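Shown below, as structure tokens, is a lone chain in the form predicted on its own; questions about how it binds or moves come after it.
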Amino acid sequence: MDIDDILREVDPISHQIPQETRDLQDLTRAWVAERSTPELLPWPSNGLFERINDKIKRQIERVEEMTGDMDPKTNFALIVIQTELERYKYLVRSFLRSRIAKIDKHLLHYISNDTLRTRMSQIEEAYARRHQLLLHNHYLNSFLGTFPPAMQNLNDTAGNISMIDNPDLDSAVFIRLLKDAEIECHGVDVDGVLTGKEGDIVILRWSDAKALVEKGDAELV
């Protein structure tokens, strides 16, 4: 018995779905989640984007092979393939732009913390470091160079006041419960516990929803 047999026994319905279909579903969920949350989510580590990139490359090669064929059936198939290709490309571009926007907005927050750096892919981390280097050099040449060396850091925490801008984890998000769960809510005046049922859609702070999403009890919508 291999891993596929084990997965088929545990979840026979989802395992019957073709891998490419599951990848598209996972990509769509990752895209929705990344656009919904105020902070950078961990980079998918299950080889999803490697498979998606291979899929896009194969589709591009297929389109190039079919281009120029005057057969009406081939032309119709070409339109379908190009439409699917553009859907994949849109999801990937939008997903990456959302992540880059978060990295740009809170650059020092992510590269100054070892745990947070693991959320980025290798390319994203290289981009963030290069961006920060260019930004710091620009500031040095513009005005920081005239300050004393002790005042030239951009991540100073003197006086218990941090110069690093952090994401607002209390931003509101929508989640769909994947199972019955107790939802701990923290309000301005009072805290409470909400009993949620599978399928319920709830709006609450990301700081309260994060644990449910990470445990797999809910998904972002």
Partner chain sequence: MALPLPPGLTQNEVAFLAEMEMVTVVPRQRLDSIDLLGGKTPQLRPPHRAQLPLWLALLLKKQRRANIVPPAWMHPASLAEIIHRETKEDPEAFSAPPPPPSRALYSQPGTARRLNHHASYLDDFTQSQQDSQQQQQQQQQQQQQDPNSILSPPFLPSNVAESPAGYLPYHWLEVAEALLTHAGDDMPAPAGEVRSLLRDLVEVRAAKMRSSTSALEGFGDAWLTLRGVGAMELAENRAFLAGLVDGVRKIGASAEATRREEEEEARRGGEYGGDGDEDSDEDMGL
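Residue numbers count along the first chain shown, from 1. Note that the coordinates shown come from a computational prediction; the quantities given were computed from them, not determined experimentally.
The next section is about a form of this same protein that is not shown, the form predicted together with the partner chain.
Residue contact check for Val63: none of its heavy atoms lie within 4.5 Å of the partner chain in the predicted bound form. At the 4.5 Å threshold, heavy atoms of Asp191 reach the partner chain in the predicted bound form. Within 4.5 Å of some heavy atom of the partner chain in the predicted bound form lies at least one heavy atom of Ser98. In the predicted bound form, the partner chain lies within 4.5 Å of some heavy atom of Val80. Against the partner chain in the predicted bound form, the set Val32, Ala172 and Gly216 is in full contact: each member has a heavy atom within 4.5 Å.
In summary, among the residues Ser112, Ser94, Thr118, Asn137, the only one with a non-hydrogen atom within 4.5 Å of the partner chain in the predicted bound form is Ser94.
Contacts to the partner chain in the predicted bound form (heavy atom within 4.5 Å) from stretch 173 to 210: Phe174, Arg176, Leu178, Lys179, Cys185, His186, Gly187, Val188, Asp189, Val190, Asp191, Gly192, Leu194, Lys197, Glu198, Gly199, Asp200, Ile201, Val202, Ile203, Leu204, Arg205.
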